[in-house]
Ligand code: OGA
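As structure tokens, one chain now follows by itself in the form predicted alone.
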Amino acid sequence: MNQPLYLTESDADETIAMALGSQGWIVIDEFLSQSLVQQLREESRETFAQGQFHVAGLGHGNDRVIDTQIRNDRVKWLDVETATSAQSAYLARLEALRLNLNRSLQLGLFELECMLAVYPAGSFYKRHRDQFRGIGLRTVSVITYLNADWEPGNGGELRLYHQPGDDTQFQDIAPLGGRLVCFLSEEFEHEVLTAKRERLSLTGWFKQRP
């Protein structure tokens, strides 16, 4: 895969914009400071232990279903009104990215929807796109990982497919703490390979107006 990048905040945002405009995806390492990653990780584990996460569903509205043969992670949606200080810092960082993408690419990104995701050992999410059928509002997917000391063999990689229906052209991206993966939501099918240990992330989508 392309080598992950280590950049300052302003350079990172410009690099993300350029990459989305050319190849449609990018991996940035140390997008968040390790201290913020640690805070978010500890909060995620605490709220997960308190039972505040629920089994993730598929689809939207009345079409939403639970199918643990396709995905079996647990999620908790973030709310800006009840966000912790660490979550607010993360949301502020993504707001700066949203504004820069609008300036650079004229994408008309209006808002962010974001959730914490926990993949207990043995969890996965089969190949999919980040778009609800008939609702093309999700424009840019942003995934930030919160894991410490992730090693080869732990599984849980994000497999990003380059061509629809082609199983041979893909990148496997390890969920290293502080790493950001950013891609055009409608363009790239992807999946989460089976995690062999607990896997934590913040997954979000910059959306256009209805």
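Source: prediction; values computed, not measured. Residue numbers here begin at 1 and follow the sequence given.
Below, we refer to the form predicted together with the ligand, which is not included among the displayed structures.
Any non-hydrogen atom of Y145 within 4.5 angstroms of the ligand in the predicted complex: Yes, Y145 sits close enough to the ligand in the predicted complex that at least one of its heavy atoms falls within 4.5 Å.
Contact test in the predicted complex: Y90 vs the ligand, heavy atoms, 4.5 Å: Looking in the predicted complex, residue contacts with the ligand do not include Y90, since no heavy atom lies within 4.5 Å.
Close approach of H128 to the ligand in the predicted complex, 4.5 Å, heavy atom: H128: yes, in contact with the ligand in the predicted complex.
4.5 angstroms heavy atom contact with the ligand in the predicted complex for R98: Close contact is absent here: in the predicted complex, R98 is far from the ligand, nothing within 4.5 Å, heavy atoms only.
Contact stretch among 46-54, 137-145, 24-32, 162-170 - heavy atom within 4.5 Å of the ligand in the predicted complex: Going through the listed ranges, the match is 137-145.
Residues from 96-116 in contact with the ligand (non-hydrogen atom within 4.5 Å) in the predicted complex: The stretch 96-116, when checked against the ligand in the predicted complex, contributes only M115 at the 4.5 Å heavy-atom cut-off.
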